[in-house]
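One protein chain, two forms: both are listed below as structure tokens, the first as structure 1 and the second as structure 2.
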Structure 1
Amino acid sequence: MGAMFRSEEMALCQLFIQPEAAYTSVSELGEAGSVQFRDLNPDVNAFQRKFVNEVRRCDEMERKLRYIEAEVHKDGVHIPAVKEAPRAPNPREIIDLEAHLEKTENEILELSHNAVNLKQNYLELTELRHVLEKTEAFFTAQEEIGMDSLTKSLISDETGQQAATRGRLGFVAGVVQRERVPAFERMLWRISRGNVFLRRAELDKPLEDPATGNEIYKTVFVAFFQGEQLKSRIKKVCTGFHASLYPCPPSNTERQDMVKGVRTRLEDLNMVLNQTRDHRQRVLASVAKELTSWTIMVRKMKAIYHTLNLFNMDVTKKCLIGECWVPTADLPNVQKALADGSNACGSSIPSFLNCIETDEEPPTFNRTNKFTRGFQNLIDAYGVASYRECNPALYTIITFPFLFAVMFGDLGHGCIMAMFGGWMVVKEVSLAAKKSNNEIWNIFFAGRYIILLMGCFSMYTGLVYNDIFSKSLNIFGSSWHIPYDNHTLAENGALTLDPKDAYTEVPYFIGIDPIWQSADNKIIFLNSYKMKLSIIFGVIHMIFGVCMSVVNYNFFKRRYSIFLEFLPQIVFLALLFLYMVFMMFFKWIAYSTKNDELAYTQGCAPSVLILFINMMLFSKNVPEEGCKEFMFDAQSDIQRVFVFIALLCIPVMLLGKPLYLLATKKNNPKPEHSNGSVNQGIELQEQTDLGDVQPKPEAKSSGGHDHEDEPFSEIMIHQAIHTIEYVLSTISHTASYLRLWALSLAHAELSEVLWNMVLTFGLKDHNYVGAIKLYVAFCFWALFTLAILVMMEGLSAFLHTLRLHWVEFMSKFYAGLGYIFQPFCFKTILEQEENKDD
């Protein structure tokens, strides 16, 4: 956890690598994932860089892999996942891989082309068989009807002049797509003026498109006509509607013989198709085993060459120079990676790593694990921390689920949430391996540890509230007893329990006494209780945020801000709002029903809110007879002093820092900083003692809070804005924490409404009908509990808790003006590519 207190210390380094060792060295750095490279050729076009040809080769290989993968998916061949990602291939293996991919692509292309041709032939023969079978049915039906003249003219064997004299009818047979049949019929009617006799029959089973494999539905038709001119027109219409025409002999014997021949050819062609399909399956299955490994290797190669394009060539063209940000803790790993890269290619000249000084703002890198990553993402969503700034994520691990639980406090609902989070944590390995594309599920899974802690904390606050599905648990026995006899209880619908007589002076062991569950003034009591708790937690949370600014001031060597900013801020907050919290505790302790002094009985307890308003307005209220306006002696004078000191803190916050900087500016000349150019440290001296080259972050960054280099007028404007914002925000932010009370009350009331109006419906009858009612009522109650109270109310409480951290807490010390450290890491690149593919 210590690594999360602030971001990692970064160093700007220069890499001097021999060209022959550049590929293997960058490959090792990608496996290590500890280096963020800078572009040393920002003005050079992407197509004019040194390794653009290699990138194009990788693009071509990626295209081939995409084609192969599409063909594998088309045939439904399973692509096994690799247990361990292969390393980037060396330059010699790249040539072999390129040739292998070329051969594989050509083989699959040839197989696909042959399969399409065979399927096209099979489709044509199938359509011909259907045409012959359907036309035979047409002619048979005509013979049965007794259309002798038509039949004779259709199947007559007479030829030449004799056929023409008898006015013989001709016909055209074929298939057309089913959705085009109505338009096809209308067009034939129009061109022939009704002189075409059309018969059609739909195919029962769909056919397969040879190119796409999709199902197509077609209809067989026979068009009867008279005259060669009309025949020509009909053929043109068929061509326009993409209808396939097939020869159909007029003789019944010839049609039967032709059908037999077509069926024989179909059987032979089907056998060839099966053999081709089996061979294609074997080829694709063998390719699928290596497809994932090839894809990973090509993506790594492409990433390496993209990174090498960021390097600069020295004037002698014998050395590649690169610049990168490296966490100082990872400098030994980077040097080891460079040494391994040089050894892998057999280079006799080692690569060098040289740390240089710069005045540029380094990137922010917070090292996280699977537990802390979710909380760090919550902070980064607001803004990435400035370099070496205090990181709020460390404290958010506790404060975030706790403030959520204050609003979501219910033992039952918290248990449901904790079980859901615990299930995701226990099954995280198998769930992560599924790689779901559901965005909502991925958000829940990424925050599984947050959900688990929110559920556990909600169970604790539910125990304190003594609330489980809107009911209370009497585990330790109530501290109240009923002092009335049975006769009094029977005659009165409601009775008041006086703490003098009914309270045992021993509080309930933990949380709220279960007696309040049946009290008529339950909401009034819980309102006061939770409202005060909200203010107490809010003031403590804000004071903690203001105190965290001291850590930043001390680290960035701006200790004057401790006296000129922190002290007046904390004094202003403490004398006003911490004093209000003190009055709450004093009221709880000092006023009691058993107090002998009348002024300190419960009837004389003053309102803390009225006292605070009178304190700010310097006004007074007339107390009731026998009571006191204030809680203790000299409180009025103390409050005046507190308000006066708080008002004096405002000009200190406004003018202290600008006047101090104005007075000391002349004595602080601007230091000379390196610009981090590639020519600095060009002596190529190998760094062996890492302790001597670590940069000093204190002199480089100010955590996004510093305005020392600006003119005095700009400093005054900034300070005025910050002062006004802080003074006003102490009031608005304190009131903002009342959302803890509001959402907690709303959650408890919704839970009670669901119990009384839904589940109680099934508890009224005590016979078998009541059992059925209870079953139905419980189903609805459980559904509404999960959907409304756990999901919707949980999301609402989550968003309000997020706002309390982002605005009320982090605004006191957090600038969030940094930029994230994005190292060159193969693992991250591959994950991004997979998400892009999905």
Structure 2
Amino acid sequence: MGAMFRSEEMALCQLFIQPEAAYTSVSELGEAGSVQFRDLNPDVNAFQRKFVNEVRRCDEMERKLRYIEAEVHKDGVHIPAVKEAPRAPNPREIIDLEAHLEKTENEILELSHNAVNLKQNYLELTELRHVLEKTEAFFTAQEEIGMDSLTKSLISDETGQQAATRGRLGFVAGVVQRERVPAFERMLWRISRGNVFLRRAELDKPLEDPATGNEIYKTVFVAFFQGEQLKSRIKKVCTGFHASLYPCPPSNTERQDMVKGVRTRLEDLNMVLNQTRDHRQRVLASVAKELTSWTIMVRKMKAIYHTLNLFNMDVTKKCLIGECWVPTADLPNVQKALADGSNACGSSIPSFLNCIETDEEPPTFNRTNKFTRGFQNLIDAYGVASYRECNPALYTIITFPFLFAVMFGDLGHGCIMAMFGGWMVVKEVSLAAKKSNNEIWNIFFAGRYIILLMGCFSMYTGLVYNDIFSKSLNIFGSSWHIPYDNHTLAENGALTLDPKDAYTEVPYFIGIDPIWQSADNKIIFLNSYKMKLSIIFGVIHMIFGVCMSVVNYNFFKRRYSIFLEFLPQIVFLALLFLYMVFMMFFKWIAYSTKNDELAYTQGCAPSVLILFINMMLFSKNVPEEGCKEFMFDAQSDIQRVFVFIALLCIPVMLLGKPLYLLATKKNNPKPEHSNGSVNQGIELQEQTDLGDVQPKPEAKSSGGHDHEDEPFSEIMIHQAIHTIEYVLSTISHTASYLRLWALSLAHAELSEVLWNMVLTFGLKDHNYVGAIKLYVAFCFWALFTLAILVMMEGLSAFLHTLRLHWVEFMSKFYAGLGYIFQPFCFKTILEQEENKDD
């Protein structure tokens, strides 16, 4: 755990790699994932960088892969997952892979091209068949009319003439998309001024669009018209509306023959189609096996070339120069990766790794494991720690679940939460493998260890509060007994238990005595207890936070701050608020019913709050008769001294540091600056050795040194703000810890209400109806317990705990001005790409 106390030490390194070994070396570094590269060509455009052609090749390959993947998905072929991600291919393999992809793409392209052609044929034939079949009905109907009119012609000459003209009517038959029919019909009517007769019938089954595979609904139509000119115009309209026209012989027998012919051709075509589909399936299935590993390989390649683009070329073009941050602990790994990289390509000259000194603030890197990661994330969400600042995440592991539990104290609810967390921890591996897109679930899963600990701690505090689903457990037997006889008990509804007679003097073994569960003044008692508890925890937590700042001052060589900032702060806090805590304990110990002295019996116990307020305001309270105003004799004088010293601390906090800095500045002007320029001189020398390495961007000086450059007025203003904030915050933060009590009270009350209002309803009846009622009531009770008491209350307690840590605890020592270490790592890159795809 020592490693977690501070972020790791980082070194800025220069890499000198042979151009031929660069690719393999970076590949090795990517597998190792412990190096963060810096961009050495920030002014160069994306398309003017060195390896832009390779990146483009990768893009092209990715495009092909996307195409192949889309085709595989279209046919519903399953893509198997790979067990182990393949390594980035070496340059020779890249060419093979490229050729292979090219071949596969062309093959699939050709296959789909053929399939589209075949389907197009099939579509046309099906349409023709439908046209022939559907028009059959029109023609027969017409012929019947014709027959009618023929018979009628015996009677009337007029109709006979009509029948004769019908023979000269031309027609076109075809298929048009259903949604375009109304416009089509209207247009035909318009261009012919109403001289076109259109019959149509809808196709019931949708047809398949050969190119996209979508379903399309079509309508068969036959347009009857007169004259050649009209025919050409109708045909123009048909092409305009994408209607496909089909030849349709006018006589019945010819149509019958044609239908037969079309049917046989359709069957043949169907066979061919099935064969091509099978072939396509086989090809795609074989491709699908390789697809994932190809994708991973190409992505790794692309990442490598992107990284190489950050490198700088030596003037002599003999080596590539890169700069990177490396955790010093990982330096051997990096060396090994570089050596492996050089060996892999058979380069005779090894790569060099050269640590350089810098003024720049290195990135913050906390090595975490699956347990600590959740807690570290809580801290990082507030602000990434400055480089090598002490890391509150370490203490958060315990304080976070503990403060949560103080608010969430209930044995039953804690147990549910612990079981949920425990289940996630036990099933960790299989749950992690199932990648879920559900954001809420992912949050829960990422915080599984926090949830488990929060659950366990809540069980403990639940035991202390003696609270399980708002009821108490009487495990060790109450230490109170009832001094009344049965007669008195039967007569009175409520009786007072005087601790003098009823208390056995041996406290209940752990936590609150279960007898309080049945007391009328339970809430009053618990409120006083929990309020004091919150203040005690709060003051201890804050004092701990202030003490943590010593560690930082010590580490960053600002010893003067220990005396000028830490000491007045801690004295101020201790003399006022720790003293209040002391009064609480004193009150608990000194006052008792069994005391003989009247001034120390329960009736005379003074309010701690009033005492504290009077202490601050130097005012007096008139005590009740027989009681004393103060708890002990010299208290009044001690308090006066305490307040006086505490007030004296404020000017020290305000003026101490600025004056000290002013004094030291005058004594030795600019000591730091010369130091910095010496550093730069060394760097420059190195750079001239190497040729034209770009001068590094002007380094920002680290947080510890920046006071030296600031003008006095600014330091003064900062210090004034800081002092005012601290003094006010001691009061407001102490009050803020009362949320521990408030939430705990709310939680207890809510669960009690739920029990009394819902579950009691089912427990009242003792017959069979009661069983059913209980069944229903329990459902509701369990549901509300989970949804409101565990989920909602848990969330709110979580947020309040988070606030107590971020604001009340961390503000005492934590700067959080760092930036996070983002190593070049294939694993994270692949994960990111995958998330993007989803």
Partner chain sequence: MKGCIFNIDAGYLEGLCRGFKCGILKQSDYLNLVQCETLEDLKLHLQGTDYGTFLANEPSPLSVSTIDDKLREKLVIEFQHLRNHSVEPLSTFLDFITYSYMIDNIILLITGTLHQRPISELIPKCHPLGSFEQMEAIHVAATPAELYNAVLVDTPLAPFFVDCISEQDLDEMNIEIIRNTLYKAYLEAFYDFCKQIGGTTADVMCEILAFEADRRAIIITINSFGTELSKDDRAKLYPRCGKLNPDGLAALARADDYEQVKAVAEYYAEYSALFEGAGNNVGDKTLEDKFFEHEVSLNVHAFLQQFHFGVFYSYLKLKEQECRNIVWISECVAQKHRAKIDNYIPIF
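Here, residue number means position along structure 1's sequence, counting from 1. Throughout, rigid core stands for the largest set of C-alpha atoms superposing within 1.5 Å between the two forms. Because the structure is predicted, anything quoted here is derived from the model rather than measured.
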Which number goes with the form predicted on its own?
-> 1
Just checking, between the two structures and with the core aligned, does R388 shift 2 Å or more at the CA?
-> no
After the core is overlaid between the two structures, has the C-alpha of F375 moved by 2 angstroms or more?
-> no
Rigid core superposed: K522 CA moves 2 Å or more between the two structures | no
Using the rigid core as the frame, report the C-alpha movement of I216 between the two structures, one decimal, in Å.
-> 4.2
Any chance you could measure the C-alpha shift of V262 between the two structures with the core superposed, in Å?
-> 3.5
